[in-house]
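Below, in C-alpha cells: the form predicted on its own, a single chain.
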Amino acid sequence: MDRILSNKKYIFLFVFPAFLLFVTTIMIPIAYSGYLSTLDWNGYSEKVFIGFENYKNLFADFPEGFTIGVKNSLLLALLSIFIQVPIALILAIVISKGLKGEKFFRTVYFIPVIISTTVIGQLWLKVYQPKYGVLNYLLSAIGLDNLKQSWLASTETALACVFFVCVWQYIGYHMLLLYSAIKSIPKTILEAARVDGASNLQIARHITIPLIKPMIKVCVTFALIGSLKTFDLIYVLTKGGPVHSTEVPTTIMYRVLLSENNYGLGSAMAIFIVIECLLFTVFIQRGFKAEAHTY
C-alpha cells in the first residue's frame, strides 16, 4: 500500500475523478453564477452586461429586506454557535458517561435530524397555530391566556419562533458528532483522572473538552455555514414574513430568481452567500486553535 501511495501516477488516478466531479458540480456552477451576476437578464431576453451594478443594489437594500435578511442570518449563526453547539456538547458529555438508557437518548435527540425539514416545519406550524396550536393550548392550561397570540404572524415573535426551531433541529446532529469524539478518548486517561480525585466537571473541563477541540471546531464550522445558507425551514414556516421580519438571503434569492425572474440579481445574492460562507470559514479556521491528538 505504501508503494502505491508513493507513486504519483496512482495518486493522480485516485484523486482526478473526485477533482473532476468537484469542478463540474461545484466550481463551474459558481463561476457561471458569477458571470450571471454581472448581467441584467430575466432568463429569456437579451443579456446586458452591467458590471457590479447588481452587487451595488444588494447593499442599497434592493430588493427590499435584503439587509434585514443578512442581519437575521448572522444572528442565527451566533445562536447556532453559542447556544446550539454548547447544548449539544453538554448533552454529549452527559450521555457518554454511561447514563442509563444511553442508546435511547442518543437516538431520541438525533430523530429531528433524520426527519425531512418540510415535515419538521409542518409539525411546528401545528405547534404555533393560533387557534388549535399546542403552544397556545399549554398557555391556557396553566392560566396564561394573556400570552396567547399568533406566533408566526407577529413581527415581534416570528423571528424568535423560527430561529428556535432552526437551533433545536440540529442539536442532535452536533451532539452525535461530539459524542463519537468523546467515545474515542481512551478510558485509561479518564480512569487515571478519577484515581487522582478529579470530579466529573474537572474531567470535562480539563480533559474531555480539550481533547475533542478538533470536533468542536468542525461543529462550529457546520453550524455557521448551515445558518448562513438556511432556507427550507424558514420558507415552510413563514416564507420570510411577516413584513420581511424572518427573511434570510436565501429566501429573498428564491423569490428574486423564481418569482421575479431576475437572474442577474439572484445570482449576485448566490455569490454573496458563497463569499460570506468562505470568509467566515477562514476566520474560524484561523481563530479556532485546535490540535489533533493521537493516543
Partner chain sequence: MGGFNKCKKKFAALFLCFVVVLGIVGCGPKKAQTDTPSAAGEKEGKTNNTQPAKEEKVSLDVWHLWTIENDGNAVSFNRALEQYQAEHPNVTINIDATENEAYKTKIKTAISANEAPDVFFTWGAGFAKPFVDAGQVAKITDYLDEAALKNLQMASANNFMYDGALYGLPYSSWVGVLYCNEEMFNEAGVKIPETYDELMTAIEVFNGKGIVPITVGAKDAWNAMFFQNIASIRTAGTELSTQALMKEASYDQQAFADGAQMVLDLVEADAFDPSCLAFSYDEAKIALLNGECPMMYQGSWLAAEIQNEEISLVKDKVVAVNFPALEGSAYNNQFLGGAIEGLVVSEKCEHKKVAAEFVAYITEAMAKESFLQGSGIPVWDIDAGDASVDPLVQQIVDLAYGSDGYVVAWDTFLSGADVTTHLSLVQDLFAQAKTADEFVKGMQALNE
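The structure presented is a predicted model; accordingly, all values stated were derived computationally and were not measured. Positions refer to the first chain, counted from 1.
Beyond the structure shown, there is the form predicted together with its partner chain, which is absent from this document and is the topic of what follows.
Enquirer: So in the model of the complex, is its partner chain close enough to residue 261 to count as touching (4.5 Å, heavy atoms)?
Expert: Flag for residue 261 set to yes.
Enquirer: Could you confirm whether residue 20 comes within 4.5 Å of its partner chain in the model of the complex, counting heavy atoms only?
Expert: Result yes; residue 20 sits at the interface with its partner chain in the model of the complex.
Enquirer: In the model of the complex, does residue 50 have a heavy atom within 4.5 Å of its partner chain?
Expert: Heavy-atom contact with its partner chain at 4.5 Å: absent for residue 50.
Enquirer: Is there a heavy atom of residue 243 lying 4.5 Å or less from a heavy atom of its partner chain in the model of the complex?
Expert: Result yes; residue 243 sits at the interface with its partner chain in the model of the complex.
Enquirer: Tell me, please, which stretch of 109-117, 95-103, 145-153, 191-199 lies within 4.5 angstroms of its partner chain in the model of the complex when heavy atoms are compared?
Expert: Among the candidates, contact is made by 145-153.
Enquirer: Exactly one residue in 129, 140, 221, 157 has a non-hydrogen atom within 4.5 Å of its partner chain in the model of the complex; which is it?
Expert: For this set of options, the contacting one is 129.
Enquirer: Which pick from 134, 125, 87, 209 sits with a heavy atom within 4.5 Å of its partner chain in the model of the complex?
Expert: Here the answer is residue option 125.
Enquirer: For 206-244: residues with a non-hydrogen atom within 4.5 angstroms of its partner chain in the model of the complex?
Expert: Sequence-ordered list: 236, 237, 238, 239, 242, 243, 244.
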